[in-house]
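Coming up is one lone chain in structure tokens, specifically the form predicted alone.
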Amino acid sequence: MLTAPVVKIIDSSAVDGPGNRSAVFLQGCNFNCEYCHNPETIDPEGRPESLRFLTVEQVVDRVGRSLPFIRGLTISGGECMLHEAFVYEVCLEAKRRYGQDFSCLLDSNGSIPYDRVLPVIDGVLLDVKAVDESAHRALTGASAAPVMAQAAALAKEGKLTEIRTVVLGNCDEAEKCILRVAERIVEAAGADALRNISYRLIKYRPKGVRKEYLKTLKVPGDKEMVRLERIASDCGFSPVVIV
């Protein structure tokens, strides 16, 4: 029987994709982001107090309790694609039970191709941490190349729902993210594709961040966030949201 380590399930969330949704958080991540505010979910072998191993049916049952007040579910992490088979089966079963209009989204870091799950998901909320290779490796411990490749691939398939970037310090890397991601999407899917992709600019906040990183990570100013919002809008992303 297929199971996965589930850290928590939020029955009703307005920040994990469009509309009101249930959100499922799985344990384990292949990135080690300095600003991670849920660092207890990084270690695949970690066992937070809230963790339970649940079956596909148990997850889909739990999500179903929130109907008809939700429009779908979002599977997050950690990195949900480390549990690719589980993600596939949950989305497949949710659509079988609740209908094809019940939307299934992933909040994911783009490090693992989505080919297997594409038939059963409606889109991906793609976390783009940085686009400069050295900056991405310094921040996450992993390469930026797969992320950019998946941004293009998802846009081409019409399943790139949202880009998410945590904005740090002077915002230089966030500006690069906006411009380069827009460029890759246009190359892959044309300029019109940007109008169907939202961009969520997330202001870095120190809550939950590991102590060793608190001195080096800086909170961006409100004016800089507004400037980035304007850049993303000018590129064609819609809507652009600051949180």
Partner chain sequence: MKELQEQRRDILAIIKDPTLTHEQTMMALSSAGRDILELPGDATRRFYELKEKGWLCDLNEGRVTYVPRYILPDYRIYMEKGCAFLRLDPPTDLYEATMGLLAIYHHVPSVTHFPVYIGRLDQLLEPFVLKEIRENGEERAYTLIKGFLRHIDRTVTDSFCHANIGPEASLTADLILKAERELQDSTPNITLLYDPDRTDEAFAIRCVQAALDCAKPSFANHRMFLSELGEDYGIASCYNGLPVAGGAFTLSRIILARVAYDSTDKEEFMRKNLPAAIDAMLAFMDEKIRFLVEDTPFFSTSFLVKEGWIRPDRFNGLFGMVGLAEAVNDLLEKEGTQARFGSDDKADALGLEIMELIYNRVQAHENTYCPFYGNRFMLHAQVGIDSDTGISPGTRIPIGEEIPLYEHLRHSGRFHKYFPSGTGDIFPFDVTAEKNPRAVLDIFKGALDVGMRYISTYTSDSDVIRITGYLVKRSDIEALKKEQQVVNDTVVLGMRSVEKSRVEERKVRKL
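Values in this document were obtained by computation on a predicted structure and should not be read as measured data. Residue numbers count along the first chain shown, from 1.
Just so it is clear, the following notes concern the form predicted in complex with its partner chain, a form of the same protein that is not shown.
- Contact annotation: of the candidates R47, H37, R65, K218, the single residue with a non-hydrogen atom within 4.5 angstroms of its partner chain in the predicted bound form is R65.
- Checked against its partner chain in the predicted bound form, the residues R137, R116, R71, R97 give one hit for a heavy atom within 4.5 Å, which is R71.
- Contact between S233 and its partner chain in the predicted bound form is not found at the 4.5 Å heavy atom cutoff.
- None of the heavy atoms of L2 is located within 4.5 Å of its partner chain in the predicted bound form.
- Contact between D222 and its partner chain in the predicted bound form is not found at the 4.5 Å heavy atom cutoff.
- In sequence order, V241, I242, V243 are the residues of 227 to 243 having a heavy atom within 4.5 Å of its partner chain in the predicted bound form; the partner itself is omitted from this view.
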